[in-house]
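Next comes just one chain, in structure tokens: the form predicted alone.
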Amino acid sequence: MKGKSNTFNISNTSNNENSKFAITINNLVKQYDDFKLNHINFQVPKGSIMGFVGENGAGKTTTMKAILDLITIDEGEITILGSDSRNLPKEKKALIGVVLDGSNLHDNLNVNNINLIMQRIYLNWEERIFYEYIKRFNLPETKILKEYSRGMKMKLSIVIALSHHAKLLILDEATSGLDPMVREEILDIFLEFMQDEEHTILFSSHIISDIEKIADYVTFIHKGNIVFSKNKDDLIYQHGLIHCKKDEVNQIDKAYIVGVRENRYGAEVLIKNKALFQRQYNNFKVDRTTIEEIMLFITRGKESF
């Protein structure tokens, strides 16, 4: 994966810097009766895969809908491929491939019907590529969508997104509900798509292992707030997990502690600034951690300290 800076400071981003990003979200607010996207900010660098993670109800789908101008936002700005998302030129819309959680196609259509429809929707529709993916995914051409499984419908949505020379893929739970073999196949397709350095993916998922396999960056949203937006490898490198006795936790400077999980055998402590911690505390063994563990400790650990 590509190495890039850890975080993105949107407030100080110049127009020239904006050209480096496929998507820029600046102070986005969307208020519902029981939920709020609370001034969220993050950027998706061109030529990268951004994993967008968070628990169910955290705001992932609402953010995706805001990016696609499917909902009216209350405050903020969203820029896609250098243009305001609310006034996106037709030629830039044609460069975006979208996969939402669930099929939006009529149940009585088949693959051949869909090909004819998409030819009229997308200026850059490529029939040859479409049917190559249909064969690769073993999707039946004559069956109507009503007879497709959930996995087949999701694969078809991905095929459509990849068949009109898109430069940006926006994927909301594109691997959700699929078996591991199919998920692996789809992740490989996304990595193939990224061989062109002009291509970019924003990929939301609650399957963190999928994000860890393919993402360059991870943005974590929790209860409508962005907790972090960082380079994935740096995020994992900068954190570590310690297994120790409960009374040993008090020996650690709280500035290093992200969260603590206790059990009857002892405690697990997630620490940050791992390299500095190891120089100061060489008596503790620091194990490698994962994105999922970091998310859990941040959301639960902050409540403990």
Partner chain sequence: MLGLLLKDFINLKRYTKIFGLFIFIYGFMAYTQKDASSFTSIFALLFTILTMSSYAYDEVAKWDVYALTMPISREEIVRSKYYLMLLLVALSFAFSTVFTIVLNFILGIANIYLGLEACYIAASVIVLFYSITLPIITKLGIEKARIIFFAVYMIPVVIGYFIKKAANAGMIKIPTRLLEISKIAIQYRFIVIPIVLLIALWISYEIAIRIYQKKEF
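Please read these numbers as outputs of a predicted model, since none were measured by experiment. Residue numbers count along the first chain shown, from 1.
The same protein also exists as the form predicted in complex with its partner chain; that form is not shown, yet it is the one meant from here on.
None of 209, 225, 113, 149 but one reaches within 4.5 angstroms of its partner chain in the model of the complex through a heavy atom, and that residue is 113. Think of it this way: in the model of the complex, its partner chain has a heavy atom of just one of 142, 195, 138, 108 within 4.5 Å, and the residue is 108. Contact check for 243, 255 and 291: none of the three has a heavy atom within 4.5 Å of its partner chain in the model of the complex. Mapping the unseen interface onto this chain, residue 36 falls outside it, with no heavy atom inside 4.5 Å of its partner chain in the model of the complex. Among heavy atoms of residue 69, some come within 4.5 Å of its partner chain in the model of the complex. In the model of the complex, residue 94 approaches its partner chain with a heavy atom inside 4.5 Å. With a 4.5 Å cutoff on heavy atoms, residue 237 does not count as touching its partner chain in the model of the complex; it lies far away.
Residue heavy atoms within 4.5 Å of its partner chain in the model of the complex occur in exactly one stretch of 197-205, 69-77, 225-233, 128-136, and that stretch is 69-77. Taking its partner chain as positioned in the model of the complex, the residues of 144-164 that bring a heavy atom within 4.5 Å of it are, in sequence order, 157, 160.
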